[in-house]
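A single chain comes next, written as structure tokens; it is the form predicted alone.
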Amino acid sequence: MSHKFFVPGEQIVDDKVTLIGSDVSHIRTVLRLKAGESIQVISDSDKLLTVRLVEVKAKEIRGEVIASEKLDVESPLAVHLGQALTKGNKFDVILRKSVELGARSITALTTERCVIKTHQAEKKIERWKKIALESSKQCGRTRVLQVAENIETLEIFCHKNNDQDLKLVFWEMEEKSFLKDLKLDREPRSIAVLIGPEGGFSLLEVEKAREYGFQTVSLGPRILRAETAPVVALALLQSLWGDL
């Protein structure tokens, strides 16, 4: 099986592909590939490109596209997850599972009951991007899940996602409204989702989200752990309107 690499679209011109950065050292020193050998390239599209290496240099690798096939692995449902910061490495787990379950983007949120402080979490953003990239490779996605550049407040996330087809807060204090109870005029193609930290969202935070049109929904009668709730939510959404 050929090794997969995600390459920005601007590095693919007229079927000529240029790889730079960490991909170069991985190809040269880890995989030890030579000119004439092939890799697979994905570039945020529905195409998987087979690329034959032409030049393998110390800081740059050039190749040419020799084959292209259409892939259909991305969900038709664009889910944008606003996930409150969690303790330890739980956010890493949530991130990996979000990739596997087809989420389009994830934004780390600082909320009233977060134990982790913003300045501590900001140091992790670059690592989260690497996790998203590697997880996308591992599960065969053609689109890398987008990790937000900054830790955001709940209100900023709500404002940025104001134009999504559907906006939901999965809240443990909601006892009456479930996904099956939602009355929709049409099937959503994009959804913004809010999920809280270990202590959940405060009532004031939920009311603020409601001001932006977010609806509160329940994930059932049992309290789910912070790292379990987003997995359940994403699976349910993909089952209803996505590709599960």
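Note that residue numbering begins at 1 and tracks the sequence as displayed. Note that the coordinates shown come from a computational prediction; the quantities given were computed from them, not determined experimentally.
There is another form of this protein, the form predicted in complex with a small molecule, and it is not shown here; the text below is about that form.
Though the small molecule is absent from this view, in the model of the complex it lies within 4.5 Å of a heavy atom of just one residue from 231, 12, 24, 224, which is 224. Proximity to the small molecule in the model of the complex, taken as a non-hydrogen atom within 4.5 angstroms, holds for one residue of 56, 65, 48, 219, which is 219.
Taking the partner from the other structure, the small molecule in the model of the complex has no heavy atom within 4.5 Å of any heavy atom of residue 192. Within 4.5 Å of any heavy atom of the small molecule in the model of the complex lies no heavy atom of residue 91. In the model of the complex, residue 172 approaches the small molecule with a heavy atom inside 4.5 Å. Taking the partner from the other structure, the small molecule in the model of the complex has a heavy atom within 4.5 Å of a heavy atom of residue 199. Screening 211-219, 48-56, 184-192, 26-34 for residues having heavy atoms within 4.5 Å of the small molecule in the model of the complex returns a single hit, 211-219.
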